[in-house]
Structures are given as structure tokens and as C-alpha cells.
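Presented below, as C-alpha cells, is a lone chain in the form predicted alone.
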């Protein structure tokens, strides 16, 4: 008996890819998260003959992404990855926090099957709608033999999670891959791969707090001309669990922030350093200095916040 064709599951979370505008020429003024994922899939003729399932996990503008949706998404991804007939997943998402969700799924799950995030810079009603092509490319990557791990697909380019950044506010090719470059490109319906699939030690979905339980509170403070550290002091007084300092250049901090981060650490607050620069990671830190974003110093401040949150959840899990 012939085996059933491998199934790809598409999980919808909203975003611009599911957005509507008042008129087709409206490319930047629109309402995100208006169209269901099943409708998005049905609007792509090239997917008509592909074995697909669609599930709506959430319907949000990704600027409002956070723990409740992340928890629901992780649970859905784990549930479908466990199905033998499912060869891979695609997640439709908004672009604003795509790099954060990609890193969260990568660090938590590091799946043996592919989990491919995709999005759009134009709403579905736009004359320049890029969602259909991105969705089709994401399905192509998810169904590529040997594919594994969490990746993102935008404008024909396949990105690994670490180093991924949204670097432009409105262009269709709004994402950058960092110094190490893209994993590959989708050309004529096939993946041309240049780098290995992402791999990591999975932390495990069990780290996530149960529904309704609080996550560690981690905030980002940016160093800039005149930064005096008072924001750090205020956050510590307000009970923050962790702070990511987005430093200038190679992660440098104003004297006021340097002094404030020392006070924060003495008070038991976890403090990490990242760079506010659009590209490059922190290099050459002095031994014993303020930690950068773990071993992956090229993380954006937003990604560093995700990584620090997961580290704090790990520490919480070790406490009897």
C-alpha cells in the first residue's frame, strides 16, 4: 500500500500577511490580522495540489505578540510535530516581531522537522502583495527533503533565527541575515542552500509557564547621548527581573548606565548587553565584564530579551 503524502501544517497568527487596506494602492495604511489563514492558503493557486492543513492559532498584529500567543503557538507546533504524517510546519506571522518568535521557537524546540516562519510587508489587498509568494516559498522550504529546524522565509531568502533582523521599515526585502549570511534562496520553486540548517540544544516547551502564570519581566534600555541610568534604577525599583542594555557601537554604555547596571546586578537583577547597531555582534569584551547575549552576541536587543527571558525561565525551573 502506498504511503499517504506528507502533510504540511500552516499555523496562522495574523500580521500584515493577513491584513486589509481600504484600497489596492494602500500599501502602508491598513489593518493587520483581518484574514484567516485558510483564506490565505486558498488564495495561492500554486498550493492547490499540495497536501496542507491550516489552523488559526491567533489573529494579532505582531506588535502585540507576547506570552499568551507564544504559549499557544508553541503548544500547537509541538502537537503537530509529534504527528507522524506531518513533515513540516509553516507559521504565518507579522514582520515586526518575527525575529523574536523565530528565536523563541528555535531555542525552545530546535525541531528535527522544519518550522518555517513567513510574513509580508504588504497587506493581502495590496497591488504589491508579497504574502502569496512568501507563503508559497515557505511551503517549498518546509517540504524540502532534509529540512530541519526553525527558519524564516521572506522575499525569496531563507534566514536562520540568530542574526535575523528586520532592517527596513517598508521595503519588500526588509530582513537581513547578519554577518554569516542567509541559509539560502528559493529560486524557481526550489531551495538553493548555502548554509547548514539551524541546530541547537532544545530547552523544551516545558519551561513555559502555565496559562495565566507570569513570565519573567525583562525590559530593554538603550544607551544614548545623555543616558544617565535613571531608567534602570526605576525598573529595578518596580521589580523587573532582567534588563537588556542596548549599547552604542560594540556594546559600550554611558558612564551613568555603567553605574546603574552595577547597582542592578547588586540588587539581583540579571543584566545583559547587546548593541543598538543594525548589524554586527559584540566582540572583544573584557573577561569578567557585563555579559553579552550569551554565546550568540549578534542577537538584536529584542532577541537578546527573548534569550534572557528563557535563561531566567531555566533558572526558575531549577529552583525546587
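Numbering follows the first chain given and starts at 1. These numbers come from a predicted model, not from an experiment.
The same protein also exists as the form predicted together with aspartic acid; that form is not shown, yet it is the one meant from here on.
For the chain shown here without its partner, which stretch in 258-266, 59-67, 46-54, 273-281 has non-hydrogen atoms within 4.5 angstroms of aspartic acid in the predicted complex?
Careful reading of the contacts points to 59-67.
Could you work out which of 114, 161, 94, 247 is the residue within 4.5 angstroms of aspartic acid in the predicted complex, going by heavy atoms?
Among 114, 161, 94, 247, a heavy atom within 4.5 Å of aspartic acid in the predicted complex occurs only for 94.
Of 135, 142, 121, 221, which residue is found within 4.5 angstroms of aspartic acid in the predicted complex when only non-hydrogen atoms are counted?
The residue from 135, 142, 121, 221 that makes the contact is 121.
In the predicted complex, does residue 12 come within 4.5 Å of aspartic acid, counting heavy atoms only?
Residue 12: no, not in contact with aspartic acid in the predicted complex.
In the predicted complex, does residue 309 have a heavy atom within 4.5 Å of aspartic acid?
Result no; residue 309 lies far from aspartic acid in the predicted complex.
Determine whether any heavy atom of residue 303 comes within 4.5 Å of a heavy atom of aspartic acid in the predicted complex, and answer yes or no.
Taking the distances in the predicted complex, the answer for residue 303 is no, it never comes within 4.5 Å of aspartic acid.
Quick one: name the residues from 11-48 with any non-hydrogen atom within 4.5 angstroms of aspartic acid in the predicted complex.
Heavy-atom contacts within 4.5 Å come from 15, 16, 30, 32.
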